[in-house]
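A lone chain, given as structure tokens: the form predicted alone.
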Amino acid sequence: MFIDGKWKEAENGGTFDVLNPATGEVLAKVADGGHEDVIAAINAADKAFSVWSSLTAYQRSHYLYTAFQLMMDKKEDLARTMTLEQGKPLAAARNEVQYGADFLLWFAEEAKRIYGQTIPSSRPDQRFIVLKQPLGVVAAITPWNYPVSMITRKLAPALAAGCTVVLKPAEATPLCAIEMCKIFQEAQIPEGVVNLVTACDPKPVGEQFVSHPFVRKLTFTGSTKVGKMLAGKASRHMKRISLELGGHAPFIVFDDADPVHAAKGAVLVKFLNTGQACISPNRIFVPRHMVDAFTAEFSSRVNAMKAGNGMDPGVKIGPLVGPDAIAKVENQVADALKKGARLITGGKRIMDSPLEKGYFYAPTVLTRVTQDMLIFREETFGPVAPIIAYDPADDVIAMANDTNYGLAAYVYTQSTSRAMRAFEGLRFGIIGINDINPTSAAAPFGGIKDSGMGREGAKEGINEYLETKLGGFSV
């Protein structure tokens, strides 16, 4: 762990194994932090806050820019660590490192754009001035599916704003977090500004994050169930929260779209990170008369995807994170087939050598999917694409909105007016219009409803770590 500028083991001496999900082998043993370690990290962050927050925006910007340069220098090493630990293909890992570094660069500049304002008063002897000031200590909990970029997406704006941070990475991917903290240390960010607690059991860490009086903000990316629990507990202590939770993205193909072009885009975004992305399409709506053409192109591209160890050339489909993920996918596919879905390709765990020790599931395509199936209602987080036929009389926007989630949605159409109506009518925080990658460090990312609250990236991202203070001056 990294606490108060020093690398240390857990106070209780405990460790836990980090596994390669592609092979099942143990990659490393890391410190299994507990109650005392979390308290020490929070205290270190609180002690460092007064110094860090008093630096000029230009000074904090310099630290972030240095970290960006170091991250670029170590891009290949970070990508390889990510592939070993998380499983995604090496090319995808390289893309994530670049995406993660973009947040450091963006917020290195955004630190210098934290503006206050003056407000006219009705009294001639009064002046109003508004300041934006950092909240204080931030607790950050990051997920395993994007183990580098989710760290920078949270820490970069927090540090730019003048906050200090205690980071708890997912127990499946602590090695990426360790490497990132080495970068922050090499950038000479002052001691205690960034702290890392690794733990196999996240509950004791989370309990301190939501209850400790020094922690003023919690930012969490993960499941909706855990996010709601953390939000409820944090609210008892009036802590600010940002939550980026689950998704159940619709992918709508309108009848004026090119089914082949739409299928190409749908495959790329559906099987991104083996379907283990909160913005992954879970319900693909296709006009009934276009289903055959769309499915043929879609399945052809899926069948060309090679599953395997992310270190091997040409691999597009990596492993799932663990046995629970395999079980969830198997359950959804079995339920769909039982209720009348048609299996086009895939539909089984890959047990062929040399993948039998990993958590691989064949990329799968289902048609004749209906609203009574689990896969229509539940987030999959795996490589299964359900294709849902709809008729001209159906309100496909209402069908897409028929979910408690509201993170991302996708629309393919050649009509500008139809695109605008869909953009306005879909109840999701991010809409890709003929675009499968509607994300950037410069753009606000986040959802509505059960997909969370708050935004990351863009100017909205730094505002999540700032408090508004009003000064009324009698002159």
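Residue numbers here begin at 1 and follow the sequence given. Everything quoted here is computed from the prediction, not taken from an experiment.
Another form, the form predicted in complex with a small molecule, is not on view; read the next lines as being about it.
Exactly one listed residue, out of Phe254, Phe376, Tyr390, Trp144, brings a non-hydrogen atom to within 4.5 Å of the small molecule in the model of the complex: Trp144. Think of it this way: in the model of the complex, the small molecule has a heavy atom of just one of Asn303, Ser223, Ser121, Asn404 within 4.5 Å, and the residue is Ser223.
In the model of the complex, none of the heavy atoms of Arg236 sits within 4.5 Å of a heavy atom of the small molecule.
Of the heavy atoms in Pro169, some are within 4.5 Å of the small molecule in the model of the complex. Though the partner is left out of this view, Gly136 does not reach within 4.5 Å of the small molecule in the model of the complex, counting heavy atoms only. Using a 4.5 Å cutoff between non-hydrogen atoms, Ile114 does not count as a contact of the small molecule in the model of the complex. The candidate spot formed by Lys203, Gly206 and Met229 lies fully in contact with the small molecule in the model of the complex, as each residue has a heavy atom within 4.5 Å of it. Here the chain stands by itself, but in the model of the complex one stretch of 346-354, 83-91, 278-286, 214-222, 214-222, has heavy atoms within 4.5 Å of the small molecule.
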